[in-house]
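As structure tokens, one chain now follows by itself in the form predicted on its own.
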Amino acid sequence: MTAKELREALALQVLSEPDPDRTVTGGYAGDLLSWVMGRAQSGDAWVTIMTNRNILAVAALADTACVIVAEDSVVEADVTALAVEKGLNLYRSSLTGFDLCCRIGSLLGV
């Protein structure tokens, strides 16, 4: 499944989508950035409520396919602009992290 297909299936709001064809191979949920950095896998859709610019550094280091900000957490314009600049897919959803993870797991067949 691609990031774009995941976005469409979950009706995610696009904040940045420079790589819509990036393959999503798994998922990860977490808000403690150092924990995510050491455990998220390349290709994961990362679900978080964190919105500061450090999420982009972690997403790049972990090579996640996308970051999904849950619960309509506010993402400032500078973070969105940085996601575009760094070529990272960044989405937002009104769903809870739990709901997003359940749906991502179902879509990926896990």
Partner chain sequence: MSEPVKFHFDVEGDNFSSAGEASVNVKKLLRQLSMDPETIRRVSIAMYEGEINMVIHANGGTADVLLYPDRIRIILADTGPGIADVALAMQEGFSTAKDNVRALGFGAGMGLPNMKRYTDRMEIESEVGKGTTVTMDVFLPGKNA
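If you're wondering where the values come from, they're calculated on a predicted model, not measured in any experiment. Residue numbers count along the first chain shown, from 1.
Keep in mind that the form predicted together with the partner chain is missing from the display, and what follows is about it.
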| property | result |
| --- | --- |
| Residue 72, heavy atom within 4.5 angstroms of the partner chain in the model of the complex | no |
| 4.5 Å heavy atom contact, residue 32 and the partner chain in the model of the complex | yes |
| Partner contact for residue 40 in the model of the complex: the partner chain, 4.5 angstroms, heavy atom | yes |
| Residue 80: touches the partner chain in the model of the complex, heavy atom cutoff 4.5 angstroms | no |
| Stretch 53-89: residues contacting the partner chain in the model of the complex, 4.5 Å heavy atom cut-off | 53, 54, 57, 58, 60, 61, 62, 63, 86 |
